[in-house]
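Consider the single chain below, provided in structure tokens and representing the form predicted alone.
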Amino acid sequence: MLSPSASTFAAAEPALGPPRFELLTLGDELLLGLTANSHLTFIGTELGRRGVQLAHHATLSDGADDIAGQLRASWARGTVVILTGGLGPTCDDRTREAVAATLGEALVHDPAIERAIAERFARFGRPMTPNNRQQAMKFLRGEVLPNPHGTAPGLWLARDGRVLVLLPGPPNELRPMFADHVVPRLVRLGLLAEGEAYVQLRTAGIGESALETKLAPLFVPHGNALCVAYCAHEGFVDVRLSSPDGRLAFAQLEALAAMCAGLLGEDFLCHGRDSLAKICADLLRTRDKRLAVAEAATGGLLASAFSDLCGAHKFFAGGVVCCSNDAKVALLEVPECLLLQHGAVSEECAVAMATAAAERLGADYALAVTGSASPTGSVSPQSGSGDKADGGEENPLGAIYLALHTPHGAWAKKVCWPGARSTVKMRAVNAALDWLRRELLRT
């Protein structure tokens, strides 16, 4: 049900029941697979956090007929319809015009938008081409959503008890616009909850089925007043606790989440959505320690996880990517005799890489990753004579050696996962981070 704050808005709404949200993502590049459709993931997640599940999603071409056909259906049954893409300056950007024609809305030129576009071009020392003027068109009865990160503003139209939102396609423009302008407007209309609609726990080191088995006894007393959802990622699992009918207050959900965290012990990561790298970074900061990494199989993903964080220089000394044996010798001074005897895919090599990274970069802790993430089963010419052929019995595909160097010793362990190369690499990164996290918790 809509809140009293939305009474004026809802007066013209003929349908009863909860608001219905539909998302239309536009772009030939999405249908061709040239660009991943991250808008569905982002918008779906943001709405879910506020208690709304998307009722429908469709990915459309840039064709005006496709846009018009789907918009008619969504506008007839939806409360909020969100369109992404097609607001730029080129000939294939037809969303604005197609929407106006379908809904019978007049488009007018807005001099303020054009000035903002011209000023942005001037800041970058580039002339504004004439085709950019089409981005300065808005609905006569609509509003403009400012875009400080690009040239195409978003558009907002509230009519007939419904809301239409048009957002630019680039994620770096869409995401802040959605968070800063769309969500607050929908909250004021009573179409989204003011705060989080569920409590989330993030866990690591325990599988989805084992996690459910362990937590289930805590949930039984609440019956169907409690909704529990699990979501497995590459190396960690999220648990969402909610009470859709409101029988459990948010404080009760938080108390239940705290009980879950206590039961899980070290397998509990955090409440919310912090990454493993963020959690490790916070632990390093509080202990005034620094980390270094050395990577072969993960190709820099481990270092990137830390360098993405603000103030990384305070806890992250740096990283070395050394895929070949020659690079391991040259950059980390891993002994050639060690590589000849044990191979690059070995515990001995992993420990040598981690220890060398800590020493050469002046870090207290170091992580190293080496192994075989290739799906082809071929033997690398740099693998070293000690390897039992990547894909063989000793080092099957997905065999990864992780090493952790600490102020009081260094250790290595072997892990192995099937799957695509990108999957194995991401799981290796998360496994290394979780190992570091657990070590830091114990110090």
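Quantities reported herein were computed from a predicted structural model and do not represent experimental measurements. The numbering used is simple: start at 1 and walk along the sequence shown. Definition used throughout: the rigid core is the maximal C-alpha set that superposes within 1.5 Å between two forms.
The form predicted in complex with another copy of the chain is left out here; the points below concern that form.
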4.5 angstroms heavy atom contact with another copy of the chain in the predicted bound form for Thr79 | no
Next on the checklist: I'd like to know if Thr35 sits close to another copy of the chain in the predicted bound form, meaning any non-hydrogen atom pair within 4.5 angstroms.
Outcome noted: yes
So, in the predicted bound form, is Ala58 in contact with another copy of the chain at a 4.5 angstroms heavy atom limit?
yes
(Q) Taking any heavy atom pair closer than or equal to 4.5 Å as contact, tell me whether Arg72 reaches another copy of the chain in the predicted bound form. (A) no
Using a 4.5 Å heavy atom cut-off, are Asp65, Gly125 and Phe139 all in contact with another copy of the chain in the predicted bound form? no
Within 4.5 Å of another copy of the chain in the predicted bound form, heavy atom basis, the matching stretch of 305-313, 245-253, 95-103, 337-345 is 305-313
Note: exactly one of Ala258, Ala112, Val321, Val144 sits with a heavy atom within 4.5 Å of another copy of the chain in the predicted bound form, namely Val321
Contact with another copy of the chain in the predicted bound form, heavy atom within 4.5 Å, among Leu301, Ile279, Val165, Val351 goes to Leu301
Across 200-239, the residues having a non-hydrogen atom within 4.5 Å of another copy of the chain in the predicted bound form turn out to be Gln200, Gly205, Ile206, Gly207, Glu208, Ser209, Ala210, Glu212, Thr213, Val228, Ala229, Tyr230, Cys231, His233
ask   = With both forms fit on the core, has Pro127 moved 2 Å or more by CA between this form and the one not shown?
value = yes
Open item on the list: If I superpose the two forms on their rigid core, does the C-alpha of Gly88 end up displaced by 2 Å or more between this form and the one not shown?
Closed with: yes
